[in-house]
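Presented below, as structure tokens, is a lone chain in the form predicted on its own.
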Amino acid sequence: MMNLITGFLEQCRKLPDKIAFCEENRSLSYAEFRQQVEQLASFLQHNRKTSQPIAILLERGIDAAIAIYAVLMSGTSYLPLDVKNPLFRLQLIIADAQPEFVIGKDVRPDWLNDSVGWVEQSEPPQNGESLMGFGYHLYPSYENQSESIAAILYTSGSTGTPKGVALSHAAMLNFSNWAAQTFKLNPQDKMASLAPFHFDLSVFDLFSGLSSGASVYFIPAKLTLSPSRLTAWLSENQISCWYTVPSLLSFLAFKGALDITPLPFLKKLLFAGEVFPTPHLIRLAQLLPNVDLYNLYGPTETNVCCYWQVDRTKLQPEQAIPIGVSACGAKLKIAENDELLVACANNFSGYWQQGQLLPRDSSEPYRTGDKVSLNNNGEYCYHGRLDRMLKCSGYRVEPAEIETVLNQIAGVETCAVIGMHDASSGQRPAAALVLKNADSLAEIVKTAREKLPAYMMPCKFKVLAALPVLSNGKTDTLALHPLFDD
């Protein structure tokens, strides 16, 4: 039975000595990576008592990749956690997901619920013994049914709390195979990886890459603050393919010294997660004339369902680029309200809530909430959201989740969150507050920073005597926008 790791296992047989992952001064061949995966998988397999997901609390890198493959090989689904999230949000996700174990570094954290097991990820012994001294035999439970859940990716929720998008092996494999074939990945490719593993862009790095025999190089996080050093890193490591977000590529185009640092090995640049400002894309395309550029589109619930290979002759500074044509065999339809509907093998199985799957009706297309149209070339064009959701640095952000956090802070009477345009990150949230105590704003902002991820933290706060309301009593969010224009 084909699943997410079948292609990787085939490459282990074909190319055991080929580099699979490289992280700064550490690298593992396909054979070495498989050995460490199997050691952890055997421990998980023989200590699991339920089929609940296994959460992974590790920094993006080789150890986290080992944990992800081990969880899949042990026969259950992986739940990647953002180690940079505030403890408040991590606790919300753990409480909702109800994983059986959390895999992490060092000792068990104090904040973790006692009902959840802790597995310490450590370097395997050098004497050939299995992880942590256990000599378990690994049986092939990774040959599970393709419709079983492979991953649960938590995104911002419109109900005020994070929600888990449950993706099956079949859905993730459909995208992984399409991407590998469409972008012609092969063993000569060296792929850069920067996407956090709780972000659906990582599916390309983790599974399309390894199923193709490519080598995946993790970009050091510190380089995102130094675009010229990032460009030098891409050159030194002879990177040929990279899938990332437009905001970072815009930064690279204007500050990355691409005019003096040649990237002769770079052949494919893929981007998704937010709108790429056309003037920024034009500059990037001019600086990298020999690189194929692709705009990929799709919410976490569908992964990529649309794509457009950038046609440099059609780029106009004042015109937004299209999201293109159907990807991954998706059947696309525009509803009467101009909303994009997606029927695709990529589509998620349902939302994971309170420790179980709430399945969606797979016979119905997924309603994206995005407004689209068709241009004269038969390409889909994106025109923003039909609801309140924001896209911040590639992350989906629901204002309702920010509002829930703010409303729970002592001193806040009520609040409303809107999105502000930001050239570097697409959008940024901004919050209007009605306070119980006019002198408490500084403390409220401090508390909010402790509870919200950085990409969800409002960039501006405005204190109002009352929120503007419509005739039906609902908050008039449109009336809030001029207040943040100064």
Partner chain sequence: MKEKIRRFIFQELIFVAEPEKFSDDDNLLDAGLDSMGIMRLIMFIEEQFGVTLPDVEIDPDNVHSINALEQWILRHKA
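The structure displayed is predicted, hence computed values, not measured ones. Residue numbers count along the first chain shown, from 1.
Below: the form predicted in complex with its partner chain, not depicted.
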Considering its partner chain in the predicted complex, find the one stretch among 220 to 228, 297 to 305, 234 to 242, 323 to 331 with heavy atoms no farther than 4.5 Å from it. 220 to 228
Could you confirm whether residue 250 comes within 4.5 Å of its partner chain in the predicted complex, counting heavy atoms only? yes
Counting only non-hydrogen atoms and a 4.5 angstroms cut-off, does residue 105 reach its partner chain in the predicted complex? no
Answer for residue 255 alone: is it within 4.5 Å of its partner chain in the predicted complex, judged on heavy atom distances? yes
Is residue 59 close to its partner chain in the predicted complex, meaning a heavy atom pair under 4.5 Å apart or at it? no
Proximity to its partner chain in the predicted complex, single hit among 280, 198, 89, 163 (heavy atom within 4.5 Å): 280
Given a 4.5 Å distance limit between heavy atoms, list every residue of 443 to 468 close to its partner chain in the predicted complex, or none if there are none. 445, 449, 458, 459, 460, 461
